[in-house]
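The chain below stands alone and is given as structure tokens, in the form predicted alone.
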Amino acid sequence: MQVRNPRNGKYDYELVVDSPEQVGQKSKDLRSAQASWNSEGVNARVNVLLKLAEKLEEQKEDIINQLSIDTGRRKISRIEFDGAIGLIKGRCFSVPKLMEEIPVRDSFSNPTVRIKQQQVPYELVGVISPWNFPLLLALIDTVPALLAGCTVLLKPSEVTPRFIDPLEAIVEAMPELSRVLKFVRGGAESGAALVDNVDVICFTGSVATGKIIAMNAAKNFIPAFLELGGKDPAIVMADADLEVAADAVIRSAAGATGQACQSLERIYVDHTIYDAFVELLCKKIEQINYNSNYEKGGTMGPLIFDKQATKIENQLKDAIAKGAKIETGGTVDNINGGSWMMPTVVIDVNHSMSLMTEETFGPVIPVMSYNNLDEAIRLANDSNYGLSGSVFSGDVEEAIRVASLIDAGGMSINDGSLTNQVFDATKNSFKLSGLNGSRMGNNGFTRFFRTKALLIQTAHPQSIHSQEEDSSSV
């Protein structure tokens, strides 16, 4: 497969694709290593993962360089790398406590029975990661699964795969890790083969692909942990600090060129401050420029996936045809062969427009006014998505009340997209935004276990005569 450089549009990297047979062989090799990996204990696994973090640090610049080529951004790639190291170290710190043996207890329902609980890891976990944050979102499932005692088969997106070369070289130089972590390269066919060979699948990506993976997982009778798209709302209340709200909205909606599932994509503003808020947004966006020349600096990187540009343009055309007005930006610019877009504020929007109902995944900020909080909450919940969102208010308790009424798994108060900075708060994805256990918080680790119960009878077992019919049962 040929891989595109988003900064210049050139296909300058060749991805050698794994066949289904190769995927099957890798899965067999991993399964043969799982029992010994699990028996080594959590502390031994922690030491291996901490060693991985050290080795990654040694190759930091090479990995960041590969991420930068694939995503077209350097600063964010550096932040992403540091976040990945923090993720590994954070999990290594927290999981030994979660692995402590559960005390044997007496049964509440049968006092002669004692209960011993065990945590049994899945043998082989499959991970299919997305293209927008390639390293971090590959490791966010891989690391806790390995620490749980599972083996892992990881397939990164074919859109941004270059980082796998230095990462795999590091893993292959660590025999204690290479036997339990292997990589799959390729597109949909390789992903389907992966799902057919694992015991549980973790997928981060679009709703459309997530549905296909869920159906294949159901056919194979395996769990699917899906983290899918979002159409995150923000409610800006009348007493909100407009500077705070504007800065947070712009960073969340346009940061990483809007290519994050938890980007704010629908902004609902109290009608009494609507004009002032839109004016402030536009004024702040005037200070933003492209980083098409690294030496000259700049904030906005390119759109990574070229097909995304077409989707964004179609949403904007639909909105304009239905009465919307673009205040800033609005065009996808071709610079040196890459697709670039400035933060785009759109007003006079409504829910008949795809811009307000379908995931955009670009730096577009549609702003709609509301007359009262009931209307704002209704609009925020008028969506098939329920990933996350934001509420801005000078009254934190009132903001919490409003946030509690939004059908989304993670709500930021007086900020945006805090779920991409805080990994230790368990949250679920509502509606079409995801399925099954959270990858955040302690649940992001414990979901890789099945809980087993050993029921110990301390008295003489009941005989069949305990079920004998007699006159008292009539």
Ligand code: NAD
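Bear in mind that the values here come from a model prediction, so they are computed numbers and not experimental data. One-based numbering along the sequence shown.
Keep in mind that the form predicted together with this ligand is not shown, yet the notes after this line are about it.
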Students should find that, of P363, P130, G329, G386, the residue having a non-hydrogen atom no more than 4.5 angstroms from this ligand in the model of the complex is P130
The one residue among A169, I102, V113, I212 placing a heavy atom within 4.5 Å of this ligand in the model of the complex is I212
Do L177 and this ligand share at least one heavy atom pair within 4.5 Å in the model of the complex?
no
Please run the contact check for T204 against this ligand in the model of the complex: heavy atoms, 4.5 angstroms, yes or no?
yes
Contact with this ligand in the model of the complex for P96, defined as at least one heavy atom pair within 4.5 Å: yes or no?
no
This ligand contact at L228 in the model of the complex, heavy atom, 4.5 Å:
yes
Just one of 156 to 164, 142 to 150, 73 to 81, 338 to 346 has residues with a heavy atom within 4.5 Å of this ligand in the model of the complex, so point it out.
156 to 164
Taking heavy atoms and a 4.5 Å limit, what residues of 6 to 27 are near this ligand in the model of the complex?
none
